[in-house]
Every structure is written in C-alpha cells, then in structure tokens.
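Listed next as structure tokens is one chain, alone, in the form predicted on its own.
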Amino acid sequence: MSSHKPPLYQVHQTSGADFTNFGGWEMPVKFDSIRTEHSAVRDSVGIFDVSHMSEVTVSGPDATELMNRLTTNDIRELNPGDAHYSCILNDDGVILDDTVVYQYPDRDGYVFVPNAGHGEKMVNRWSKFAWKHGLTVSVENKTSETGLVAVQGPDAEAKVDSVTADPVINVSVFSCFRNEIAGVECLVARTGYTGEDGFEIFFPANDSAGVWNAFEDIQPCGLGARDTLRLEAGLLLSGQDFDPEDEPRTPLEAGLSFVVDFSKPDFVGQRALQDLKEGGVDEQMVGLKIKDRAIARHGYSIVDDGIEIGRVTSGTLSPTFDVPLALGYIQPEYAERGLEVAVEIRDRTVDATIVNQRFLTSLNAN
C-alpha cells in the first residue's frame, strides 16, 4: 500500500490520471495514453511530476570529501552550478543506487537525487560514514519539502524559457541555476531521463501547484511514458535493471564504467571494481531488438541453441520504433552487436538481435 502522495496528488486526481505505487509513492502512471504522452516528449514537449524522487543535501567543510568517498564520479571536477551522474556502491562494488549530484550555484554544498524511497537510507549511510571517519558535514533529507517536475522534449527549452523570469537559452547540459517560475524561486537544471533535451525543476513542495500550472498548456505525462522513454534511451531503472538484493550488479556490468573514476582518491567499492576491471566481468548489459511483437519481461531467459546465456531486465514495445526492445545481462562472449540470439517468452522462443542499448541512437543510425 502506498504511504506517500506527491504534493500534486489532488491536482492529478482531478485531471483524471491513473495512479500506481512506485517506491512507496502513489504516482500518476498516465494522464492520456502512454503512446500519446511518449510521442509528445519525442516530438514536442511533456511535463512529468517526479516529486517521488529523493533529495538529500550535504554541506559543511568536509562535504566534498564525503561525496567523493561515497560516489564513483569525481566530485572535485564540479564547479558551482555543475551536475553529474554517478553511482553509489557497497564494499563489493555492487550498485546501491544511481544518482545525479548537483553543486549549488549560489552557496556551498551539494544536493543529490537518490531514487524514490531511498532518501532516508542515503542520509543514514552518509551520516554513519561521516561519523566513522571524523568528517564535519550536515546531511539532510529534503524529500518531503521539495517538489520536482521534469519538462522534456525538443521544445522544452522554448517552453521553459517562456515561463521563467530569466532566460534558459544557452544553458549548458548538466548545469543548474536559480530562476523564478510563477513567482516561485526554483533550482532549474538541464538534466533528464528521457533521451531528449529538457529541464528538471526543484521548488518548495508547498508551491507545487503554481509551478505545475505554469505549464498547463503542455502534455502531462505519467510514469508509464517515463519508462518507455528511458528504455528507448538505454537508461537503467533502479530496482529492475540493478538492485542490491534481487539484481546485484556493478557499474562495469551495467555499462556505467563512464561514471567510475579510478584515478580519484579511495571511494567505497573501488578495490572490488579494480579487481573486476582486471579480471573481467561474467555478464554485461546489452540491448535486444526482438522479432515478432512479443514483449520480453524482466527475468525472461536469453538463450543460444536452447542454452541460457543471460536474462532480460527490462522490456517494452517501443512507441518510437514500433518494435519490442529489451535490456538484459549476457555472457560477454555473446555480447557482439548483430549476433542473433533468442528470448524465451512464455511458452515460445522468439528470435532477437544484440544491439547497442542506446536504442535512440543505434536504431536511428540503421
């Protein structure tokens, strides 16, 4: 049963949205059809309520060292107003969560965004590590007092620019700055999770309706479209494509080695990843283009001549390409792009082709 409702719950309910439980939050899964919402983002622009995502702030004289010890990317490369994607690992190098870290543009410290329901876990992890190593920091869970929407699509820049007090044109990707929407002070970041240009906008939760209504003339989108969009972009979903309990994966297996900086000072999981880097992984993430119109779901076997060589972690019928696509882990010797394999879908075996998991790029190129 859901225990949290977003600040915009009543607004969404009034608009007739369908809801689903996600990470302990009751969130809109769709407002119209998933295909309509998906197409709006690919062709023009759409807005998502993503207030279920967690926000954790870290400040104090040792904030940079703490962040650098507990995430895989190098925090020291950020300047005020910069952001980057990173992973949070355990000692075995297994991904506990993925996150985007923002360095505040106008004051010391950071805010990072763990996945839904992970905020308190991360506060405890950060606080215990700081206490153990004598680091002076302040770590706070700001999830309940923060609203967050994502405006995504090729027309996102023009749409956001039309409602902000200051222009957003020419703002760099993975940067953030202060701005004002409908009289509300916001932190506006050029980041996203759809494979399109777009912005994620943070603001006080009590001001959620004012910010949301500033975008009333664009398509509202739910978590259903968010999932098909992120899968087409080859972006991973926590709890499905990796999970410390049910799908324990390292960044090297998950195709996220680009956010692991082995050259920086020690970070949690570094030694295990270094060993894995030298010894090689047992499985690695691939993209699958499925023949016929069968949908490969989480847990379905990837096979070669009837022998299991991997498993699917996410799958959908792509609204953009109108073919079933999937992500999965497979033995490295079968990870060659163009290789023909098969997926066991219910009571039959369906042919599939190994492709670059960045489907938006790889399939458009074909």
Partner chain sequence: MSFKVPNNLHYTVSHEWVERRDEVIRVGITDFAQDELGDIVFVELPEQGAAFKEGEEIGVIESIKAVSDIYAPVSGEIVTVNETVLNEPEYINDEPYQRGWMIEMVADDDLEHLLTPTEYRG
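Small disclaimer: the values here were computed from a predicted structure and weren't measured. Positions refer to the first chain, counted from 1.
The next section is about a form of this same protein that is not shown, the form predicted in complex with the partner chain.
Student: If the cut-off is 4.5 angstroms on heavy atoms, which of these, K128, R76, R178, R293, is the one near the partner chain in the predicted bound form?
Tutor: None of the others qualify; the residue that does is R293.
Student: Quick one: from A335, I309, V341, L317, grab the residue that has a heavy atom within 4.5 Å of the partner chain in the predicted bound form.
Tutor: For this set of options, the contacting one is L317.
Student: Quick check: do D18, R35 and R346 each get a heavy atom within 4.5 Å of the partner chain in the predicted bound form?
Tutor: Yes, the whole trio is in contact, each within 4.5 Å by some heavy atom.
Student: Quick check on R297: any heavy atom within 4.5 Å of the partner chain in the predicted bound form?
Tutor: Residue-level check for R297: yes, a contact with the partner chain.
Student: How about K30: is it within 4.5 Å of the partner chain in the predicted bound form, going by heavy atoms?
Tutor: Because a heavy atom of K30 falls inside 4.5 Å of the partner chain in the predicted bound form, the answer is yes.
Student: Answer with yes or no whether Q219 is in contact with the partner chain in the predicted bound form, where contact means some heavy atom within 4.5 Å.
Tutor: Heavy-atom contact with the partner chain at 4.5 Å: absent for Q219.
Student: Indicate whether the partner chain has at least one heavy atom within 4.5 Å of a heavy atom of S208 in the predicted bound form.
Tutor: S208 lies outside the contact set for the partner chain.
Student: Tell me which stretch of 301 to 309, 46 to 54, 327 to 335, 22 to 30 has a heavy atom within 4.5 angstroms of the partner chain in the predicted bound form.
Tutor: Answer to the contact question: 22 to 30.
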